[in-house]
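The data below hold one chain only, encoded as structure tokens and taken in the form predicted on its own.
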Amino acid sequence: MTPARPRLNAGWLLVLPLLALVVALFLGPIVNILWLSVTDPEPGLGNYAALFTSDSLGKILWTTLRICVICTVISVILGYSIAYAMVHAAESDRKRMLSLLLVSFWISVLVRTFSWLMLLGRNGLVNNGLEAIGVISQPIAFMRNELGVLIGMVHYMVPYAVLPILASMQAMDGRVVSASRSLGATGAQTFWRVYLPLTRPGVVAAALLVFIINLGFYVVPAVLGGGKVLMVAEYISVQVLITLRWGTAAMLAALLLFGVLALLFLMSRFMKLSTVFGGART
């Protein structure tokens, strides 16, 4: 008697065409980019070797990493403070705060960036306000430098930092904190020795998530940096649209891809990726 052949689940018959479409439209271009990075303008690893020989590429990579690290640190600190306030707020207040946090995801990054242009320009609301109260005598250069880029990026990144930290705080057993206080620890000791270590996975996940998104930032550096703060994403655009150096652009895109995948793998070691966006923790 021949064994029964396994039957394909009917659900897969509906999923497979869409899966094939995703593979063709998503993985196909990625493979093409990887191929261009080692074949244009000539076969070999010349594009990758330029990372170690080109001063301009080194400067752009260093600028990108520096801005990403600074933005990540500030965003995580602010995100931790907001998440801490949300966890310890009343239930009704927590829901309102979470609603406001989620609303921020619906506002286009382009709209936010141009809003900062209006606020931080030489004749913007911030400079005019500071001059009116006598704090400054001449406008502060908030734009076309790293300061403006950092302000815009931190504003956009803080909600992304809040979510994984909030998930980590909500998953923590509050009885541990109560036990620490009952054993004589002060509030500061309880926070630094108990609360912060228990929420460290959320902090690490938030830092990695923010850093990953920062690596591919294009709109904020391009608009608020005014061409004076060149990061990798904007440089890729220049190589594709202006200088037509497709191999260099593909090499940098591949570098970002592998960097993001490595960071996502690292983040998965600290927290389920679904919890970063409010998914189930079980």
Partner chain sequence: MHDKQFLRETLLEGAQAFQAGRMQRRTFLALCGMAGFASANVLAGRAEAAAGEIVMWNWGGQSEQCHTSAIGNAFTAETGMPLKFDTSGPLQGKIKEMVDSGNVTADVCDADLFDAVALGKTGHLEPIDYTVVDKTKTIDGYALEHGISIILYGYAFMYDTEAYPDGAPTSWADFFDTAKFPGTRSLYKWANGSLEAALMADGVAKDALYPIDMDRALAKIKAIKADTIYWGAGSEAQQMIVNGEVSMGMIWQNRGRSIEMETNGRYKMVMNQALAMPGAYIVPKGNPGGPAVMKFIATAQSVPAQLDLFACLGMTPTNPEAIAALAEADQPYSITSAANMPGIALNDPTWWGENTDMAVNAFLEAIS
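Every value quoted in this text rests on a predicted model; they were computed, and no experiment measured them. Numbering follows the first chain given and starts at 1.
Form predicted together with its partner chain: not shown, discussed below.
Asks: Is there a heavy atom of residue 21 lying 4.5 Å or less from a heavy atom of its partner chain in the predicted bound form?
Replies: Yes, residue 21 is a contact residue.
Asks: Check residue 44 for me: does it contact its partner chain in the predicted bound form (non-hydrogen atoms, 4.5 angstroms)?
Replies: No, residue 44 sits far enough from its partner chain in the predicted bound form that none of its heavy atoms falls within 4.5 Å.
Asks: So, residue 246 and its partner chain: in the predicted bound form, are they within 4.5 Å at any heavy atom pair?
Replies: The answer is yes: residue 246 has a heavy atom within 4.5 Å of its partner chain.
Asks: Given that the partner is absent here, does residue 56 sit within 4.5 Å of its partner chain in the predicted bound form, heavy atoms only?
Replies: Residue-level check for residue 56: yes, a contact with its partner chain.
Asks: Its partner chain isn't shown here, but in the predicted bound form which of 50, 240, 61, 70 has a heavy atom within 4.5 Å of it?
Replies: For this set of options, the contacting one is 240.
Asks: Between its partner chain and 201, 263 and 269, in the predicted bound form, does every residue show a non-hydrogen atom at 4.5 Å or closer?
Replies: Result no, not one residue of the spot touches its partner chain.
Asks: Only counting heavy atoms and a 4.5 Å limit, does any residue of 213 to 231 reach its partner chain in the predicted bound form, and if so which ones?
Replies: 222, 223, 226, 227, 228, 230 sit within 4.5 Å of the partner.
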